[in-house]
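Before any questions on how it binds or moves, here is one chain, the form predicted alone, in structure tokens.
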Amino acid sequence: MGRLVARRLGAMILVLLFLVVVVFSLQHLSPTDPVHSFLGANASKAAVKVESHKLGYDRPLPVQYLRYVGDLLHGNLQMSLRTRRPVATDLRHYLPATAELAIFSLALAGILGAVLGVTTAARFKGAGVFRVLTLSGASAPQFLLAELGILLFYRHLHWLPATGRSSLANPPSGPTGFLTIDTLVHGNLHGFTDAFGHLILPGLCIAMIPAVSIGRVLRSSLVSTMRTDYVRTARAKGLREVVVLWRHALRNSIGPALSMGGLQVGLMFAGVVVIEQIFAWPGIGLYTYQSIPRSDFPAIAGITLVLGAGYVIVNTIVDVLQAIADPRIAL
């Protein structure tokens, strides 16, 4: 297991270094002059030249790359051309909201996918209805699913809020940046239920497509496992179908579903950008939406690196979880 973890960590570092190379190359291939954008359209050539020397853009590309990597290791993601603040500072402000929504959506996708896969593989009562509902939700575009959810659960039923992270006038700002956790830390139960309620609609819209993908893979794996000899032996011993499914089949079938869950993380990050606009969620999606029209490449590059690192880290964790579920992988 230790060697597997070491190999996965080494591969993660290599992938991140390659991602840094790609982002650095795209930044220098972009037709936008970052110095001119930073100083403004009316900046003189002399001012642009002085600022370029100050920022190191007049140095050879290998020197700029080494400086860029060194700055990244120290948490420096350059200055935003739009906000005139360090990108790292902006991300510290926007990232907790997106991280909370992404983690909630991933957990929800895992739960819905597990329920879909297990109920359809075991043919439990009501599995057909649940399958139709999840497939219908996943077949709809995310923006349409979001609009339908707002109309149904907010406007007509008044069950769930439709915008923002909280209805509190002064929500807590620390210590984690996750409102659901921070409200509990401050002993505010009403704030917790309010923050959790704001997560449900956007989280459900993001989770539907990954949930169906995870559920389908889990169902196929479970169907194959339920036909194996050791499962037949467990049935011959008189064990109930639920016990056979839970103790003998599920663990041996969960590996492919974990792999699919790791692959779906990238799609979830893409969905976060769209959903945050619809639900006015103050996260990285909003920051990206505001940065693209201004050609704020340092901000876009910082977002790309953070989301790419998150994707690689999640898939590394998935590889380790697969080894825990099936020790043969570690061997």
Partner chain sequence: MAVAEPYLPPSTGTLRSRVYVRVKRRRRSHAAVLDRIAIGLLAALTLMAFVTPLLAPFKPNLIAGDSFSHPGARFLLGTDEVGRDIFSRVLFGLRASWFASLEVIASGVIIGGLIGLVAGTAGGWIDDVLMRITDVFLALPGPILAIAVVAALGPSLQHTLIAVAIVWWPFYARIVRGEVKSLAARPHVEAARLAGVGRIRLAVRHLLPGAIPATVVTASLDVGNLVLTLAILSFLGLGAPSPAPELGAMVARGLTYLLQEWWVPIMPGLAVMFLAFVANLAGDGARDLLGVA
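Positions refer to the first chain, counted from 1. Here the structure is a predicted model, which means the values were calculated and not measured.
Heads up, the form predicted in complex with its partner chain isn't pictured, but that's what we're talking about next.
Note to self: The chain here is shown without its partner chain. Which stretch in 91-99, 209-217, 73-81, 108-116 comes within 4.5 angstroms of it in the predicted bound form, by heavy atom distance?
What the structure shows: The contacting stretch here is 209-217.
Note to self: Which residue, 142, 188, 166, 120, is the contact with its partner chain in the predicted bound form, using a 4.5 Å heavy atom cutoff?
What the structure shows: None of the others qualify; the residue that does is 142.
Next item on the list: Flag residue 68 as yes or no: does it have a non-hydrogen atom within 4.5 angstroms of any non-hydrogen atom of its partner chain in the predicted bound form?
Entry: Answer no; every heavy atom of residue 68 is more than 4.5 Å from its partner chain in the predicted bound form.
Margin query: Please tell me whether any heavy atom belonging to residue 266 falls inside 4.5 Å of a heavy atom of its partner chain, as the geometry stands in the predicted bound form.
Written below: Yes, contact at 4.5 Å.
Item checked: 4.5 Å heavy atom contact, residue 15 and its partner chain in the predicted bound form -> Contact check for residue 15: yes, within 4.5 Å of its partner chain in the predicted bound form.
Note to self: Considering non-hydrogen atoms and a 4.5 Å limit, does its partner chain approach residue 248 in the predicted bound form?
What the structure shows: No, no contact at 4.5 Å.
Next item on the list: Give a yes or no on whether each residue among 103, 226 and 259 has a heavy atom within 4.5 Å of its partner chain in the predicted bound form.
Entry: No residue of the spot touches its partner chain in the predicted bound form.
Checklist line | Heavy atom contacts to its partner chain in the predicted bound form at 4.5 Å, residues of 136-162 in sequence order | finding: In sequence order, 136, 138, 139, 140, 141, 142, 143, 144, 147, 148, 150, 151, 154, 155 come within 4.5 Å of the partner.
Notebook entry, point to check: Relative to the form shown here, do the C-alpha atoms of residue 134 and residue 101 sit closer together or farther apart in the predicted bound form, given a change of 3 Å or more?
Noted result: Distance between the C-alphas of residue 134 and residue 101: longer in the predicted bound form, by 3 Å or more.
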